[in-house]
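Laid out below as structure tokens are two forms of one and the same protein chain, each shown alone and named structure 1 and structure 2.
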Structure 1
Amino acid sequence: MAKQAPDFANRPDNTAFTQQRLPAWQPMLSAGIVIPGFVLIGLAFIGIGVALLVTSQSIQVFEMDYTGVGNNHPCFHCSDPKPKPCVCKLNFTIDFFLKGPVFFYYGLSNYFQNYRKYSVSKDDDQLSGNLKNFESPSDTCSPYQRDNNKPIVPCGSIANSMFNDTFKLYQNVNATMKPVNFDGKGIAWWTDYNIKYRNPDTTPLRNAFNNTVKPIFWPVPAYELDPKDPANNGFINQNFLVWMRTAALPDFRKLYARINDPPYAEGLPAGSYMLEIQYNYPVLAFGGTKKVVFSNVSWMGGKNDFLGIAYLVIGTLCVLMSIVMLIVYAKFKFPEED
């Protein structure tokens, strides 16, 4: 710019950066982008919403409360915290063919697994098989750290309060109770089963638990959780893993089993069934409820009407909004040249 070149020693560098002239994209909310954009988003959302709703409608869910409130309820006699064990039998009828694979959940409500002190009350080192933490569990487990000065394994509130109702399902075929097999394998996260929780390398497993005691509420020690399958014991017991993955909200359900075995792999036929519940877990004291759920899934998981409806609503709003914007735009046209 300057014709003569005297002393420019202090002259700032002439780069796009220092002169704030970096090439830049300068987006602007012009009508040409925003209105079609809204229409597009709206239509896409409506499309997705319809797809989700249709998918969700196709999913079948059957759920039953078995807390045992009310005299008429078959589990009422178990709801009283009387000496256990108590078994209650729940008869029910499914009016439709519940297409397989069917998943069986138990659900709890008003149960605060997400309470801060509850959710930290475990010892991850111990649960990953570290024997040192068998002898001295971490302080986070308090008050379920020790029992009579003996370390509790697995320690902490979560483990201690593990859900211990058990279920057996029978189909009533011509007045005979035909058992429907539950498959309790593979119901936990892969990483939980393979990485996060590990038993100590000691064989047999029970030796690792010498000098420790079982959690106070547990009827059996950890290495005897599944008497049928020796591999499903200790910290990698599937039901234990499911329980240890704490829920985000106070009303939650957890996977108990799949119904995989023939002849029910294709689904549960319509008919009457009987659920035999070993009722061990008290919830009435804090106003909680218990339920069981039968459900099948689609590509998007279980039944979820909310998502589809939300998509439809938002999509419609977007389209409406775009119409409003179009009217406004036409009426108060942005001042343009010429």
Structure 2
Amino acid sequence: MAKQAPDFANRPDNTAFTQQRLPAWQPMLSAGIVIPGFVLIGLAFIGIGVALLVTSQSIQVFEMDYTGVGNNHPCFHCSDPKPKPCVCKLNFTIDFFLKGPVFFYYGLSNYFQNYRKYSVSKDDDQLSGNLKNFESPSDTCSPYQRDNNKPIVPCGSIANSMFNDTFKLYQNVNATMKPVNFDGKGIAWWTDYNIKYRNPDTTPLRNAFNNTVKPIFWPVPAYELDPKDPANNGFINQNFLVWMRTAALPDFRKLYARINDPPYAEGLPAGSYMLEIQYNYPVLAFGGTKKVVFSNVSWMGGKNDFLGIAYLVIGTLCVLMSIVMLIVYAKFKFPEED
């Protein structure tokens, strides 16, 4: 017969921590503490909300829709989803000085990047430069895992649907179209560029993609995303990194470039401009729209009134609740018991 272990075999050590004898402090929440606390929290939230709202209102934004709906729209002839190169030009006027640095965004609506099967449709090992996953992409990439029995690199729905419209901006100066340069460097998160996404250690980079095919909807393979800058190719291409960080809401905008070259480093002066768009990305099939946004930023980021309004609402509710509690306490308080 097996010897039975003593009852205290699994007993915790006799220490203050394991026996729960640590000193503790339990606040006594009285009306004299709770009511002033609510008032202070409410006033703090109202102050933060006013600061956020005023700052947001000071941010300048200029946006245009270029989906191409309507016969009179300059991009109407490009909204046909047939795969053909198409260029449209938007002439517009900015009536105010848009302070720099100016950020240029593209925006999409009714586009659900937060759909779970879409957001997980990628191979993280492949995107970190693992050549084994070039040959055998993860099953999470399905249905964009292989094409004609060849592995797709980069695989998955997110990469396959990468936004590929391109833009060129010109200012009309004395009937001469003066180019306004876009700077696409440093627009992605530092962690994405330096840690999460890596190119394979193969020179030249194109050799790493041997016996693979590009994503079905891409016009060029990953190692040719930026023919002007060899360091901006593969999985560390800035526009690719921005696209791969999926949006939480169906209506979103993503950074395309900055405008920080002289003489536009201080901002875009009032005047006439022309935006030349290579229209490649179809959106009408799912009821979406496309727009471009010129904006500057502040210490809190881009224009967003919601955060300031949320702080104001919560702060106001705290102050109102403190008033209600004060009235209830004054009317129904009971004498302290001995």
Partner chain sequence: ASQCCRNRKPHEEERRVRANDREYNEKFQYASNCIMTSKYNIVTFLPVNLFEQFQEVANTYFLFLLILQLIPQISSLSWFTTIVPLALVLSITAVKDATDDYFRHKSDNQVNNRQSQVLIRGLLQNEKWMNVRVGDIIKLENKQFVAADLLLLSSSEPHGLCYIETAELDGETNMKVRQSVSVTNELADQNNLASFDGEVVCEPPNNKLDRFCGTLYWRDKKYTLTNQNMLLRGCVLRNTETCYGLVIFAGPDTKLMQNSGSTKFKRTSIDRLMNTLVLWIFGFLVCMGVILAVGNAVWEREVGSLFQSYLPWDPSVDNFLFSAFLSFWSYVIILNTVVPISLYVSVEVIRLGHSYFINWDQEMFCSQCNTAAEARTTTLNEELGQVEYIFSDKTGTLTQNIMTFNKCSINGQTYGEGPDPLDFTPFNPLADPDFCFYDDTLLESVKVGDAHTHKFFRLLSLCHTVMSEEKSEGELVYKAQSPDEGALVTAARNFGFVFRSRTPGTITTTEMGRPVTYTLLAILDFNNIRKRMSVIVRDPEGRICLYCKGADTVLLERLHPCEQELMNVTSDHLHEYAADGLRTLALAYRDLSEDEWEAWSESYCCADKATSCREDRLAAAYEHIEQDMMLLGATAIEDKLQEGVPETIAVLSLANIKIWVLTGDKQETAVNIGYSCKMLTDDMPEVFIISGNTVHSVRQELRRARERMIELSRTREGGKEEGIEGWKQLQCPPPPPSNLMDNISGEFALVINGHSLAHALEADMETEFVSTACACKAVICCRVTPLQKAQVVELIKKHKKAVTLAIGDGANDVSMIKSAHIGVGISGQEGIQAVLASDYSFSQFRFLQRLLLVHGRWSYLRMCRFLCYFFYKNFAFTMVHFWFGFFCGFSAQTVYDQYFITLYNIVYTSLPVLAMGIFDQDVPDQRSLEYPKLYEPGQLNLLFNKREFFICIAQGIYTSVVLFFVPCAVLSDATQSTGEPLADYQTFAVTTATALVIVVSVQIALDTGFWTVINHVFVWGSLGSYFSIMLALHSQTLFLIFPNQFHFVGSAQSTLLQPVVWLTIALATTICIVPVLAFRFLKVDLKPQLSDTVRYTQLVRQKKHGRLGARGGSRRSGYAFAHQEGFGELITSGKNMRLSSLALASFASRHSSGWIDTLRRKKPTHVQTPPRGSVPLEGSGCCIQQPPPALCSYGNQTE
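Just so we're on the same page, rigid core means the largest C-alpha set that superposes within 1.5 Å between forms. For clarity, every value in this text was computed on a predicted model and none was experimentally measured. Start at 1 and count along the sequence of structure 1; that gives the residue numbers used here.
- The form predicted alone appears here as structure 2.
- A displacement of 2 angstroms or greater separates the C-alpha positions of residue 28 between the two structures, with the rigid core held in common.
- Per-residue C-alpha deviation between the two structures, core superposed: residue 19, 11.5 Å.
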